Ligand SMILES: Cc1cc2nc3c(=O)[nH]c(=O)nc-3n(C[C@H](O)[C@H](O)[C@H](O)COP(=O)(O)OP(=O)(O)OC[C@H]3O[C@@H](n4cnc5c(N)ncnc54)[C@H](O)[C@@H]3O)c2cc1C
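In structure tokens, the next block holds one chain alone, the form predicted on its own.
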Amino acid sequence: MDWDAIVVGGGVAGLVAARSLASDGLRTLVLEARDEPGGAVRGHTVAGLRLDAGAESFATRGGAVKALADELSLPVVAPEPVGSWVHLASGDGPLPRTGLLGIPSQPWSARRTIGVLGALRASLDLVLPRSADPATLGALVRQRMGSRVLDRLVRPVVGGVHAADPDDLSVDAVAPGLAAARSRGSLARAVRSMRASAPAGAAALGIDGGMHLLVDALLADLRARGCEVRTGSTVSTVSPMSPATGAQPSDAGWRVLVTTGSDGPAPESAPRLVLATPGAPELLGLPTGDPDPGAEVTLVTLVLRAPALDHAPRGTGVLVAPEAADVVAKALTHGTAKWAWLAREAGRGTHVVRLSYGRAGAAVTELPDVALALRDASRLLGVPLHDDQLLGSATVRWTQALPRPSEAHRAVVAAVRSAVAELPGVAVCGAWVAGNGLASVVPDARAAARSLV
């Protein structure tokens, strides 16, 4: 065999799986089709600032990402406690400070955004008897708290986080533990108990210097362990190898055909294979169907000289309700208001604003560019922003980064996991099977690696 283990896919899932394999002394090869590893946690430089090109924070649930950052000696920081807002067709309002995917733990505290009638309807959740759990998050929120909480809070948040609609998402997929926490029926009390049992501090944290430092640290750690990470390497086929004469069937390996650069296809082999790519079912020839491709998401980053933003007029950012037709973006993050380290590096009066475009199932009528991003940012922040204030910009398009955890997608994932369990020496990982977010991806990747050792 050429290697002890091969990992196909060099996103965070693949890098974490490779690190676990290498920590057990296995010679590991990582193959990444793109020019850079890291997937949706890569970095880029805009106007002299090193910024996140994708994920800029992580959920604290489970503690796995924080533990990984600690192992890699990365400084973890909390966002500034200034809250965030939602942009509605009827106007703007703050999101609940203590909630889950926009579901308020104290319905009355959200009355500025959902109105007094909406708050009164949502408060009925506290006295309504427990009912059977609906299949989707949207149906659950509508049943317990009413349409205003769903449309004005939950739908914008879920659209920003998952690029999907809550009526398409399973409760267990996007809010693990929420159904179990509803032992007494109330959705608000369930959210409150989940927030109370979470680690102290913010529900989301970041890394001082940016989440992309996680990728840099993982790559340095892999190099120190003797791993090889090849970029620009496309895997076209995966096939099982017959065991050597006299060996057990479980000793059979896997041959991977790899094309790197202008070189022709070349085989690599190993007894262990981790597929950290949504193309795994096709590579393995599994009749399971394909996982959800998710929405195509475009991020436009603006670095602006705009002292008027020093007071963070919309906190750490704004999420946009689908009905708000005056804005094309689905979300805006005010990076220099959210992260003290970034405000420090940018300097007073200079601001980093990032807008996100793309919703699952929504037709793109206007491709985002800098002019559109400036217009949307002006409306969302309530501050006029112009071309002559722009110090730099970057546009990044992501595909397959946010698979929608619908029931159909979950069925495909279950079928893939079941089929892979029958294949000796094979494991799968990544957001496409684990769910969106590093809090889901990291522990799943470690578990995938452990299953092969």
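The first residue of the sequence shown is number 1, and the count goes up from there. Please read these numbers as outputs of a predicted model, since none were measured by experiment.
The discussion below concerns the form predicted in complex with the named molecule, not included here.
Engineer: Would the named molecule in the model of the complex be within 4.5 angstroms of a non-hydrogen atom of every residue among V41, E56 and L299?
Structural biologist: All of them do, each having a heavy atom within 4.5 Å of the partner.
Engineer: Which is the contacting stretch out of 43-51, 28-36, 66-74, 387-395, given heavy atoms within 4.5 Å of the named molecule in the model of the complex?
Structural biologist: Partner-contacting stretch among the options: 28-36.
Engineer: Do L402 and the named molecule share at least one heavy atom pair within 4.5 Å in the model of the complex?
Structural biologist: Within the cut-off, so yes.
Engineer: Whether S105 contacts the named molecule in the model of the complex should be assessed with a 4.5 Å heavy atom distance threshold; does it?
Structural biologist: Looking in the model of the complex, residue contacts with the named molecule do not include S105, since no heavy atom lies within 4.5 Å.
Engineer: Hey, in the model of the complex, is S193 touching the named molecule, heavy atoms inside 4.5 Å?
Structural biologist: Because no heavy atom of S193 falls inside 4.5 Å of the named molecule in the model of the complex, the answer is no.
Engineer: Give a yes/no on whether V8 approaches the named molecule to within 4.5 Å in the model of the complex, heavy atoms considered.
Structural biologist: V8 belongs to the contact set for the named molecule.
Engineer: Quick one: which residues from 214-239 get a non-hydrogen atom within 4.5 Å of the named molecule in the model of the complex?
Structural biologist: Residues within 4.5 Å: S233, T234, V235.
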